[in-house]
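Below you will find one chain, with nothing else, as structure tokens; this is the form predicted on its own, and questions on how it binds or moves follow later.
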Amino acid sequence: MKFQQADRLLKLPIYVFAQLDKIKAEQQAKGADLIDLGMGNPDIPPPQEIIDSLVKSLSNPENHRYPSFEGAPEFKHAVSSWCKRQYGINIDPEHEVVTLIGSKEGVVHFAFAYINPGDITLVPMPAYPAHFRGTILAGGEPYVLPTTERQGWLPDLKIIDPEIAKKAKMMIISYPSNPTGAVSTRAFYEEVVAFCKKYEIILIHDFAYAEIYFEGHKPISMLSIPGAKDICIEYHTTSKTFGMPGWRCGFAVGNRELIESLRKIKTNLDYGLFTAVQKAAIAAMTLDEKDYIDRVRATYQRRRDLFVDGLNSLGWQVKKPQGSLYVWFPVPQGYDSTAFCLKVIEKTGVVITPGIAFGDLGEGYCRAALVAPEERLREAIARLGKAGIRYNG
């Protein structure tokens, strides 16, 4: 019997990360010592206070029951205080916060609240796959806003066809960027808010890498722009900030109507975030150990400097990214991104991600995640050099 998948699945491009998992398993079965820089899977553990909070919460039988759809009131109050302290924005914990099982599910599920078949979402490319796949799954059409290194990986809103802008339902912005590591300016955010208000477009800001920045270039919240809350929902996660990727904990804040729509979708899909994890996240957002995040940033900055300097010693001319935990660099001539990444894995055991995973405009690049200790990053560079893998312009 042949089973026919829904059109929404057939329209999805191949999920490269699933392919990488298969290739990694094959290489490991051969005994390869892999240095896995493929997935943005943080290796820096959370502070002991967070782990202790989870362990304590696990001993309370009440925490093993279904959690509230709404999220624990104390979690939402912690989110409100965190947003005020870190980003200077005022968030009503009762009406402007929704608890998420990781920010990715919130970004994708939000599309189902507003996108009808044929609706348009404006997406700067290259982009994190969830930014365009959610729209595809909901039956809509992602409209590519091209970005280039010359433009600082920021889209030029002035070249968007006004007729397209009038039809657009949503725009997704995310800086610091995955995969490019680019950061935004306040002036660009002001332009984005004005554009979306002019054309009555819902503005989604994926702020997953809010706390991973370098040289003091602290990113700002989109909601800090006057008038943004009229049209904007912003996503946060504990994965990168507190080393909690496997805990699946995130939240969205912003316009109360948009928050309520996301909450309505989620009440039909899940029972909310495990209460013990919410308790641990509260501990994270109220840490006594105030320098933890500074140490995390410093660790990623050392890794960034080591890896970029290593690439540049092999012929690349890569600029050091100002945010995120990724290095985005061009593939040598004679390869597409997939072929180059496969060669690197086979010849060196170093796993990196082909740029095509981030949309068609990612072709010609690849991404390395800085999720290995410095000695392993040194080893990765040494293996590239030993295998004769260099950039040839």
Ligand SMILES: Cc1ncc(COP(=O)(O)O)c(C=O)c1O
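Residues carry their position along the shown sequence, with the first being 1. Nothing here was measured: the structure is a model prediction, and the numbers come from that model.
Beyond the structure shown, there is the form predicted together with the named molecule, which is absent from this document and is the topic of what follows.
A.B. asks: May I ask you to state whether residue 248 is within 4.5 Å of the named molecule in the predicted bound form, using heavy atom distances?
C.D. replies: Yes, residue 248 lies within 4.5 Å of the named molecule in the predicted bound form.
A.B. asks: Is residue 206 near the named molecule? Define near as a heavy atom within 4.5 Å, in the predicted bound form.
C.D. replies: Yes.
A.B. asks: So, in the predicted bound form, is residue 326 in contact with the named molecule at a 4.5 angstroms heavy atom limit?
C.D. replies: Within the cut-off, so yes.
A.B. asks: Within 4.5 Å, heavy atoms only: does residue 240 come near the named molecule in the predicted bound form?
C.D. replies: Although the named molecule is absent here, residue 240 would touch it in the predicted bound form, with heavy atoms inside 4.5 Å.
A.B. asks: Going by heavy atom distances of 4.5 angstroms or less, which of 174, 121, 99, 221 would be at the interface with the named molecule in the predicted bound form?
C.D. replies: Of the candidates 174, 121, 99, 221, 174 is the one lying within 4.5 Å of the named molecule in the predicted bound form.
A.B. asks: With the named molecule left out of view, which of 229, 266, 304, 104 would have a heavy atom within 4.5 Å of it in the predicted bound form?
C.D. replies: Filtering the options by heavy-atom distance leaves 104.
A.B. asks: Is every one of 213, 297 and 299 within 4.5 Å of the named molecule in the predicted bound form, counting heavy atoms?
C.D. replies: Answer is no for this spot.
A.B. asks: For the interface check, one of 86-94, 146-154, 124-132, 195-203 should have non-hydrogen atoms within 4.5 Å of the named molecule in the predicted bound form; which one?
C.D. replies: It is 124-132 that comes within 4.5 Å of the partner.
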